[in-house]
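Take a look at this one chain, the form predicted alone, written out in structure tokens.
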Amino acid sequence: MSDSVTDVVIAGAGPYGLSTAAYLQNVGLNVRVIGEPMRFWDANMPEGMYLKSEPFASSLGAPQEGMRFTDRHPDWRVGHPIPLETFVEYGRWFAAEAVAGIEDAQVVTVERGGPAGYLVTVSTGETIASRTVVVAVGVGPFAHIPDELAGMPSWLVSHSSAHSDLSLFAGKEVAVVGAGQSALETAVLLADAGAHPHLLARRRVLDWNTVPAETRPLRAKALGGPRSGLGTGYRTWLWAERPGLVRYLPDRTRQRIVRETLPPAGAWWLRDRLDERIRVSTGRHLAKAVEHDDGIDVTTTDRAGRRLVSEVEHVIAATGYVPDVERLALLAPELRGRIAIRAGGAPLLSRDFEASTSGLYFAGLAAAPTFGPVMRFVHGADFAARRIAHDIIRRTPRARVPASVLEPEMPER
């Protein structure tokens, strides 16, 4: 039994959820957006963080002009890193301007049933009947902690996304596991907060991105390829700007692209801040972790099998995110069991981001194994939102959608 009926429920109010809502509400559909705008970015990213993406690649998607990040901040140029708080403010401004009626609540359960196809239970106690559900919950549910650290109590081991205030670790010995931007920046911010970080990286040499040039000579453009939301290069441009084509690549090729595009590396502006305050051990592979007194002993090995035991008070795993339908507790077990998945647990999606269960769509990281690496970043939000909205509009009875907004078939982009 439901308390209300709607056309679409969007679970999540981050960049992908807000972008999809903007496109759908623009044509007059009844859309319920459940979530606090930009909550994960505000509550789960560390204070003092900067975005790694360039300003032109940090925009949410909307059908109306003037809603891009660079419209809100026209002075932000290539090579100008965006502070976390500036991006959160932009996202909330976008929500206020482009999306109506956002509800500060959480989706508790999505299940099949009801008069429309799905029943969505919200933390307020309301049950909504909806023809369509868009799962846009971001990366949070997919936080990955390596097996060697899994099962340890949260006061000893946590994921990097669990902390916004790193001053809690002031004066403490903290191991940071990882070699990408999240690990490197977490280590730097820990040192800034008065902690004593020890970076444990599997890579033998830390990689750093080069300083981007706002303008490039014609020869450099021809040889190096165009600039895109994922970086510079012809292939990179294809993965970033034409994700609809990536879906048609062989599965192994697509997974390699997701894995190898933008491998672990630090932003150019962070390099000088990784200084003597931070102990760095590279070429280290996690072996085991053992709780010891008031701390944890982390054992790593190098390629020769030599062991290193790090005695610390806490471990932060900056080890990324792995999309897996089974991690989405908001989906009822029966519904999760009906969703066709890829190897690894990500949903198998159509060209329109629809799962094997009709009317259920996934946006963001969960779509990366289908559409490629751009779905790991904000830059993919506009493409995903347009494609999802187009399909939902196409399926909506024409009496509900003004003829003036019915769009032609979207090209494979």
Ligand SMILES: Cc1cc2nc3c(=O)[nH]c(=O)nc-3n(C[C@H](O)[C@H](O)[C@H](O)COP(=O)(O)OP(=O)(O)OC[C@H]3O[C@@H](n4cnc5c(N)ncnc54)[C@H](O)[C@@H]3O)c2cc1C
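Numbering starts at 1 and runs along the sequence shown. Bear in mind that the values here come from a model prediction, so they are computed numbers and not experimental data.
From this point on, the text means the form predicted together with the named molecule, which you will not see here.
Engineer: Please tell me which of A384, V378, A62, V31 lies within 4.5 Å of the named molecule in the predicted complex, judged by heavy atoms.
Structural biologist: Selected residue: V378.
Engineer: Under a 4.5 angstroms heavy atom criterion, identify the one residue in T301, Q106, T232, N209 near the named molecule in the predicted complex.
Structural biologist: It is Q106.
Engineer: Evaluate V139 for contact with the named molecule in the predicted complex, applying a 4.5 angstroms cut-off between non-hydrogen atoms, and reply yes or no.
Structural biologist: V139: yes, in contact with the named molecule in the predicted complex.
Engineer: Would P347 sit within 4.5 Å of the named molecule in the predicted complex, counting heavy atoms only?
Structural biologist: Heavy-atom contact with the named molecule at 4.5 Å: absent for P347.
Engineer: Answer with yes or no whether S182 is in contact with the named molecule in the predicted complex, where contact means some heavy atom within 4.5 Å.
Structural biologist: Looking in the predicted complex, residue contacts with the named molecule include S182, since a heavy atom lies within 4.5 Å.
Engineer: Would K52 show up as a contact with the named molecule in the predicted complex if we use heavy atoms at 4.5 Å?
Structural biologist: K52 belongs to the contact set for the named molecule.
Engineer: When the named molecule is placed as it is in the predicted complex, are G12, F40 and M45 each within 4.5 Å of it, taking any non-hydrogen atom of the residue?
Structural biologist: So, yes: the whole triplet contacts the named molecule.
Engineer: Out of 31-39, 384-392, 353-361, 64-72, where are the residues with a heavy atom within 4.5 Å of the named molecule in the predicted complex?
Structural biologist: After filtering at 4.5 Å, what remains is 31-39.
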